[in-house]
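Each of two forms of one protein chain follows alone as C-alpha cells, named structure 1 and structure 2.
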Structure 1
C-alpha cells in the first residue's frame, strides 16, 4: 500500500495544484460580484471585472487631470523608496547587533533582555510618538519600518549565530584568529544567507507598517491611495492596489530568494 505522504505530483500536476487556489478565489469573486450586481447594478462592494479594468487603466496609464502624474507609478515609487530605506537600515543595524549579541558574551548579557523587551512594544502604538518627534515627513515613516522589524532581525540572527558549532570558533582561535577575524572570516559568511532569510520573513511586517504610516500622514504612496479611495467606497481602485501590493511583496521575496540561492549555493547542497 502506497501511503499518501510518499506520493509526489508530477510537474504538470504541481502546476495545476498551484493555480487551483487562485482560480477558485477568482471564480468565487466573479460569482459573488455577478450576484450582487444583479440585485443592485450600482453596488460598489464587488465591482465587475470591466469596472476594475477601467480603474487600472485610469490609475496606471492615464495622467491625473490635477497633477499630470501617473498615480499608480508615483504611489509605487514613493512606497518602495520608504520601504527600501527602512528595511536597509534595519538590515544593517540588525545584522551588526545580532552577530555581536550571538557571539560576544558581554554584548549578549547587555542586549538580550533589552532586545526582548523592545520586541514586545507594538510598533503601531508608538506611531504618534514618531510623528511628534520626527514630524509627518518621510523620516517618521522610515523610522517606523526600521523599528518595527529591527528587533526580529536582531533576535533571529543572534539565535542563528549562537547555533554555529563551537568547534569552528575554537579552531579559529587555535589558528591565532582575533575576535574581529573570527567575525569576518567565520561568522559573517555563514550569517549573510541567514540575514537574507530574516529580511524575507520580516517583509510582511514592513509592508504593514508602511501602509499604516502612509494611511495616517502622507501625500502619496500605495497606503495613502487605498485609504483615500476608502472615503468614496472606490473598491474598483482599492482591489487592484491590494493585488499590486501583493505582487510587489511576492516579487521582492522572489528576488531575495534568488539572490540567496545565487550567492550562497553551499546552503542548498544535497537538496533536491
Structure 2
C-alpha cells in the first residue's frame, strides 16, 4: 500500500536524513554567529569556530598558567569519578532493594509506597539539607547522584522482578529451592541485564545531578568549569564542554549496551 507508514528510505537516504538535523543545527549556528560577529567582532555569545578551536586547545592541550594542569583532563577525571561512584552505589543498592521489593511480599508491603513517594521528591529542592548532613565536599556530590537516580532504579527493578513468570518461581520451589537460592539462581541472573538497562536510562539524570552538584560548590569538574565560565559568558569554552559531556554520556551508554549484549546474549535470542 502506498501510504507514508509503508515507505522506507533507501540506505543512502537514511544516512542523509540522519545527518540532516545535525547539519541544520550547525548551519544555523554558523549563520547566527556570522551575523553577530559582523556586528561586534568581540561577541561572546556565539563565537566563531576558530575561537572555539583556540579554547579547546587551551583547555585540553596547554597546561594551565596557575596550576600547571590540563584543565579538561582534570575536570573530566573529577567528574567521571563522582559519576562512577554515585552510579555504582545506586546500582548496587537499587539492585538489592529492587529485587527484594519485587520478590518478597513483606518487603513489598513495607517499601512499595515509600519508594513511590520518595521518587517524587525533587532532590535539588532539598539541597541545603543534603549539604548540612553530608558536608560540601565530595560526599554530598556522590550522595546527590545516588539519591537522584536510586528511586527510579528500585522501582524499575521491582517491577521487572514482579514480571518474572510465576511458574518459574513455583518450578524452582518444586525442585526444592529456598528463597535465597531462588534469588540467586532464578531472579538475579534475569535481573542483571535489566539492571544495566535501568542504569543506562538513569545516566541522563545522573549527569544532571552531577552538574548541579558541581555548580553549587566545587574546585574542579565539568559542571564547575561550565558555571565558572558562565560568569563571563565564555561560550567558546562552554560549548566544547557541552559537546564533550554529550560525547562522554553517549560513550558510557554505548559501553553499557555493549556489555549487556556480550554478557547476556540469551536476552537477545529469538530477536531479529
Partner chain sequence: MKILPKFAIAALAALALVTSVPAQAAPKKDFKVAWSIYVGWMPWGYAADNGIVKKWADKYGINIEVVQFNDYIESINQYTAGSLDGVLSTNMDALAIPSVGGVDTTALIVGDYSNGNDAIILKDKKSLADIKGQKVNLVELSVSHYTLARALETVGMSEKDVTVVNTSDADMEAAWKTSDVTAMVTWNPMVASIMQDSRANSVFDSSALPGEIQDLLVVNTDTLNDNPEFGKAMVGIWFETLALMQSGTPEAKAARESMAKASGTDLAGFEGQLKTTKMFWTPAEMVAFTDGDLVPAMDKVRNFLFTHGLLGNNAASADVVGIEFSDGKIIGDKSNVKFRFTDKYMKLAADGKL
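Residue numbers count along the first chain shown, from 1. What we label the rigid core is the largest C-alpha set whose atoms superpose within 1.5 Å from one form to the other. Bear in mind the structure is a predicted one, so any value in this text is a computation, not a measurement.
Participant: Determine, for this pair of isolated chain forms, which one is the form predicted in complex with the partner chain.
Facilitator: Looking at both, the form predicted in complex with the partner chain is number 2.
Participant: With the two forms matched on the core, what distance in Å separates the two CA positions of residue 7 between structures 1 and 2?
Facilitator: That residue's C-alpha sits 3.9 Å away in the other form.
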